[in-house]
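For reference, the chain that follows is the form predicted alone, supplied as structure tokens.
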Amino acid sequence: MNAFAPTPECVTDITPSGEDYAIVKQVIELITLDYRDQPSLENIADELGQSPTQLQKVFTRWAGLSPKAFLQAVTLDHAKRLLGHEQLPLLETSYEVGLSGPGRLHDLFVTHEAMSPGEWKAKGGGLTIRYGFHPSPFGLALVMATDRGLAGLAFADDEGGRDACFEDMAKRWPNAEYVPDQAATAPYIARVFDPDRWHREEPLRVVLIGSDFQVRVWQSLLKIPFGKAVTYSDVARDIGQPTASRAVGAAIGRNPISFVVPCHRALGKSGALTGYHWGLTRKRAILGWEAGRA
């Protein structure tokens, strides 16, 4: 994760005087060094002799995020390092990064990673995933399956993109065991893109591997009728989290079973196509393909 990544709009706000930069630099240094104290905006402003309101405006204009969001990003990065590389328990990790307990660590991960700290730490441990590449109507498809059903479907732009496509999917569950097995995945690709085989009497077995929040979002996507579309806000309301559109968007972006779990039918608030993990051109192609059959 890139904890501090100014947007292009932020760059245009840089002034020759450098006065604002000096303030932003101090905030970054203070938070980076003292993140364990979880300083509030008021604490930071008092330390630097600034107005909290003005400090918020200056930092947000330059950094593209508020001091609080930057503090959360720094805290999350350190928590990931402690949980992952150092294998600390959740309780110790919470205290080490300055949080009051596992509850606050849980909230931090769910907000920014759409999964709990424990689920992030497991990362597919104990799973055996078989995979294979197959041609599809929308380019070369990577199919992943467990003994319980289809677990992943992704797209590669061409033969040369196989490695990148596999790495992109495998990093979702880095602790799983991956076994190349074209014979095991071929039946899935044969069914997924053949509308004549879409029958309630013969359901496709799908395994959703993710956090509770992610799975709820993906299950909501499965309710979207063929040829229709909804917004992120619609999905948020459907899962009983009307204010969680941002987290819903993150979960949709991490949908591991493209096409089958129809994240391509989720649109921005204005009805714009917005992003799509496998490319907006492919999203348009899939929506057009469905419209032609609807």
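All of these numbers come straight from a predicted model, not from anything done at the bench. Numbers follow the displayed sequence, beginning with 1.
One more form of this protein exists, namely the form predicted together with the DNA; it is left out here, but the text below deals with it.
The three marked residues, Ala250, Tyr276 and Lys283, each reach the DNA in the predicted complex, with a heavy atom inside 4.5 Å. Here the chain stands alone, but in the predicted complex its contact with the DNA, taken as any heavy atom within 4.5 Å, falls in 238 to 246 among 54 to 62, 41 to 49, 22 to 30, 238 to 246. Proximity to the DNA in the predicted complex, taken as a non-hydrogen atom within 4.5 angstroms, holds for one residue of Trp173, Phe109, Tyr131, Phe213, which is Phe213. Shown alone here, Ser66 lies farther than 4.5 Å from the DNA in the predicted complex, counting heavy atoms only. For Lys269, a non-hydrogen atom is located within 4.5 Å of the DNA in the predicted complex, even though that partner is not displayed. Looking at Phe70, you'd find every heavy atom of it more than 4.5 angstroms from the DNA in the predicted complex. By the criterion of a heavy atom within 4.5 Å, Cys263 is counted among the residues contacting the DNA in the predicted complex.
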